[in-house]
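One chain comes next, on its own, written out as structure tokens in the form predicted on its own.
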């Protein structure tokens, strides 16, 4: 097997939703990626530091308790300051408090610098093909 692409996965902020995190980690590994799972209650700094230390190509943020909008604001800037401005950033889950149209939520996160934004209930098999494409990976651990 060729060189594996590394991604950092975690649940940001004061969120403790661990089950989905584990399921996603497993699905990403099955897709041939090397997953650095920083777990729950992760800070922006932990995402950025893990990405730098491991040479990760993507940061995958999940948030289920609704406060992702606050927790994620400034993450792209932190990555840029740390010298990894070109890293892919994905986010998914229950990303805002209250009822909002999805296109509004997606726009908020895209303006924050996220490359892909996924609504609550998105299954890993829906998001992983886009991630592999964005990473330039063929799905079996190799690079294009």
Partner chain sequence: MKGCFLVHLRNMKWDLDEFSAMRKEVLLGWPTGAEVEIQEALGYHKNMPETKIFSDRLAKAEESGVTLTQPRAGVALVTELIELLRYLQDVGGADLLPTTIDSYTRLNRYKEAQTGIEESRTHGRSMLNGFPAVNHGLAACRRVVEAVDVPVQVRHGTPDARLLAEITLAGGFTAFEGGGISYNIPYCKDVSISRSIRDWQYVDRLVGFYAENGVIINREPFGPLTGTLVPPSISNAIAIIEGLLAAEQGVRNISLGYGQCGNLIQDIAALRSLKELAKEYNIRFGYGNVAITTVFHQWMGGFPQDESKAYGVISWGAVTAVLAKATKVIAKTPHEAVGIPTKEANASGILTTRQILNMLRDQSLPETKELNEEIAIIKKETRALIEKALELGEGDLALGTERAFQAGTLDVPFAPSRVSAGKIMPVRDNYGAVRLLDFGNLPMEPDIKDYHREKIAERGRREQREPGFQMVIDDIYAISKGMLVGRPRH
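Positions refer to the first chain, counted from 1. Being a predicted model, the structure only gives us computed values, none of them experimental.
One more form of this protein exists, namely the form predicted in complex with the partner chain; it is left out here, but the text below deals with it.
**Student:** Since only the chain is shown here, I'm wondering whether residue 113 would be in contact with the partner chain in the model of the complex (any heavy atom pair within 4.5 Å).
**Tutor:** It does not: once the partner chain is placed as it appears in the model of the complex, residue 113 has no heavy atom within 4.5 Å of it.
**Student:** Answer for residue 103 alone: is it within 4.5 Å of the partner chain in the model of the complex, judged on heavy atom distances?
**Tutor:** Contact with the partner chain, no.
**Student:** Contact with the partner chain in the model of the complex for residue 29, defined as at least one heavy atom pair within 4.5 Å: yes or no?
**Tutor:** Contact with the partner chain, no.
**Student:** Just to confirm, residue 41 within 4.5 Å of the partner chain in the model of the complex by heavy atoms?
**Tutor:** Residue-level check for residue 41: yes, a contact with the partner chain.
**Student:** Judged by heavy atom distances of 4.5 Å or less, which residues of 5-19 approach the partner chain in the model of the complex?
**Tutor:** 13, 14, 16, 18, 19 sit within 4.5 Å of the partner.
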